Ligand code: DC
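Only one chain is given next, in structure tokens, and it is the form predicted on its own.
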């Protein structure tokens, strides 16, 4: 069974998807980390962001591996490195590149295989896994999402102001909705779940009940 969780930045997709996968005994695939991995590799190599073909070739050559919560590029653990604000600022170059997206969607489908898996991202229910048995669109208010992102950054030791996080998030929301490839949108058959004021356990309880409703009768 494939469960897709899409939604805007800061909605808590990764945290919720990981917790849901643990609760169900499913595998978890963080697809956003894959785009971040391409961006990190390009950043390290000093790539010119105005040369999309070079970025596409890089994505096609990289060995990107997701092992549980860990992210690897060519065998190196880059789990923490892909989460920095520096990488976040340039990930859109990878996310907006049609060839990069095609390569990573192909990799996502291969990694999922026939397993029971929870996948999260921006276009999982619309592009990567349109036939998924259970689709969820997770969201929350702008300020709530910014507060969550701020907590994550502070936990990583990055000094940043709330207003800065909120402004960056609002820009990303606009960019995500307007992207030429894989834009952020709710799949017609996805269930909208707002998480404002809910605890993580409360959200996961709600999603478990949704999954149970979508399970095949056999």
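Numbering follows the first chain given and starts at 1. This structure is a prediction, so every number in the text was calculated from the model and none was measured.
We do not show the form predicted together with this ligand, though everything after this point is about it.
Enquirer: Under a 4.5 Å heavy atom criterion, is residue 57 part of the interface with this ligand in the predicted bound form?
Expert: Residue 57 lies outside the contact set for this ligand.
Enquirer: Is the gap between residue 122 and this ligand in the predicted bound form 4.5 Å or less for some heavy atom pair?
Expert: Yes, residue 122 is a contact residue.
Enquirer: Taking heavy atoms and a 4.5 Å cut-off, does residue 139 contact this ligand in the predicted bound form?
Expert: Because no heavy atom of residue 139 falls inside 4.5 Å of this ligand in the predicted bound form, the answer is no.
Enquirer: Does any part of residue 185 reach within 4.5 Å of this ligand in the predicted bound form? Heavy atoms only, please.
Expert: It does not: once this ligand is placed as it appears in the predicted bound form, residue 185 has no heavy atom within 4.5 Å of it.
Enquirer: From the candidate stretches 42-50, 163-171, 57-65, 26-34, select the single one in contact with this ligand in the predicted bound form, where contact means a heavy atom within 4.5 Å.
Expert: Result for this chain: 26-34.
Enquirer: Identify, from the list 132, 95, 146, 78, the residue with a heavy atom within 4.5 Å of this ligand in the predicted bound form.
Expert: Residue within 4.5 Å of the partner: 95.
Enquirer: Across 79-104, which residues bring a heavy atom to within 4.5 Å of this ligand in the predicted bound form?
Expert: Contacting residues: 83, 91, 95, 101.
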